[in-house]
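One chain comes next, on its own, written as structure tokens: the form predicted alone.
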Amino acid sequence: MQTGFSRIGFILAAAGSAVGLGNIWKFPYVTGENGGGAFVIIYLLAIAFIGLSIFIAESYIGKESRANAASGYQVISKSQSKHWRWAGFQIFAGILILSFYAFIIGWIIDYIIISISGLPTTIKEAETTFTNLITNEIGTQIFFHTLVVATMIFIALKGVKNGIERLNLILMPLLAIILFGLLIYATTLDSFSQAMSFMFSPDWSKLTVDSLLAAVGQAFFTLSLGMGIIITYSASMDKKANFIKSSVFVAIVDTAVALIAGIIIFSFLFAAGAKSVAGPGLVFISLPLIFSGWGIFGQVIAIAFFCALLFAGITSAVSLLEPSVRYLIEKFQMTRVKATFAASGFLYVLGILALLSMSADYGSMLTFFGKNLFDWMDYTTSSIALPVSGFVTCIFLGYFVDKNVLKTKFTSHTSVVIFNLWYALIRYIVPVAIALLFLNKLGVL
């Protein structure tokens, strides 16, 4: 019998899951693409009312069922209908995300090496370095992809207590120290005030429907919702733990990291006179070029920054693997060793296919209906699987679990007012908002 999380262990593990590439890589470039302050406000509202509501819901399902993400719904439903096991499709979404998340972490390792050996000095060199990595350096990508997956296997084999919890007890404080150091340096730059204004002074004219979709999608991605992670981790939570307080704390930490990362990155960009609309290449093209202009000190900053990205990525990657491992253990009575290798083997092969789909040599063979395999995997998970999973969770707790049971469980940790607010959100407001945004994304509305 595996040992569950300690109270602080659960919070760090859940925060480690939430704090990942979505905060430090994706949030800044999505904010830049959507005009800054107005998007940040919508994002904060999405976190507070949609993200946190579903996070609490998933925490409840895991804590009360003490089961994997597929079985959890069935265990606590009124009728314990076997049909609810299909709600566990989010496990597959998690492993799909991890398959390409792993080789993106590999890119980060490569950039740590580049930061040590010599950063690109021109925009053409910076673009060529990144483009060449993803289109031509197949061997390099596979090597680092293998290294990342092997690291995840090593940690997962240690179990919840000695593997996942211990990893986060080490890496989360290190991540905090690095980000704090980078933030202190950012405050010394003349561009710091410009970055603060861009992040927190809204220009509503730049807000679009796509911005609303991006904000909600970012809230799902950054809080690790709809991937089976929170349910799986909560199943190993201390039975006496306050799952509501833990959920709020994780959401605060996650949001703070995203905002701090945005302030740091935009301070760096504006200091060099660069534009905020740099897209996904912001971290791998724009920043390395900026760092190179700062000489030896720039190299030190680059190494620290990419190490922070690596630590955030690894903690999230391990959390993405655990739901599949626990499902295989409970569903098929596998040992942890067999379950870990089975899940890792699947994501490893799928990840190689995804990275090959972006390569010059194999891209055309792995492109379907105008998108390569990597783009399809990203679109299927972020635009379909995650919002659908959130919608299903809302409908499940809002209509298929006894309200009085929920009220009793919740009010042992919080007030009736807070419960009523959460229940109204989960039953009426959040599912409607998700459905409308989802249909708009698909072009139906």
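A residue's number is simply how far along the shown sequence it sits, counting from 1. Just so you know, these numbers come straight off a predicted model, no measurement behind them.
Another form, the form predicted in complex with phenylalanine, is not on view; read the next lines as being about it.
Engineer: Of these, 217-225, 284-292, 174-182, 107-115, which stretch puts a heavy atom within 4.5 angstroms of phenylalanine in the predicted complex?
Structural biologist: The contacting stretch here is 217-225.
Engineer: Evaluate G20 for contact with phenylalanine in the predicted complex, applying a 4.5 angstroms cut-off between non-hydrogen atoms, and reply yes or no.
Structural biologist: Looking in the predicted complex, residue contacts with phenylalanine include G20, since a heavy atom lies within 4.5 Å.
Engineer: Report whether the minimum heavy atom distance between S316 and phenylalanine in the predicted complex is within 4.5 Å.
Structural biologist: Yes - in the predicted complex, heavy atoms of S316 and phenylalanine come within 4.5 Å of each other.
Engineer: Does at least one non-hydrogen atom of I97 fall within 4.5 angstroms of phenylalanine in the predicted complex?
Structural biologist: So I97 counts as contacting phenylalanine.
Engineer: Do Y101 and phenylalanine come within 4.5 Å of each other in the predicted complex, heavy atoms counted?
Structural biologist: So Y101 counts as contacting phenylalanine.
Engineer: Identify, from the list A261, L320, L269, A87, the residue with a heavy atom within 4.5 Å of phenylalanine in the predicted complex.
Structural biologist: Result of the distance check: L320.
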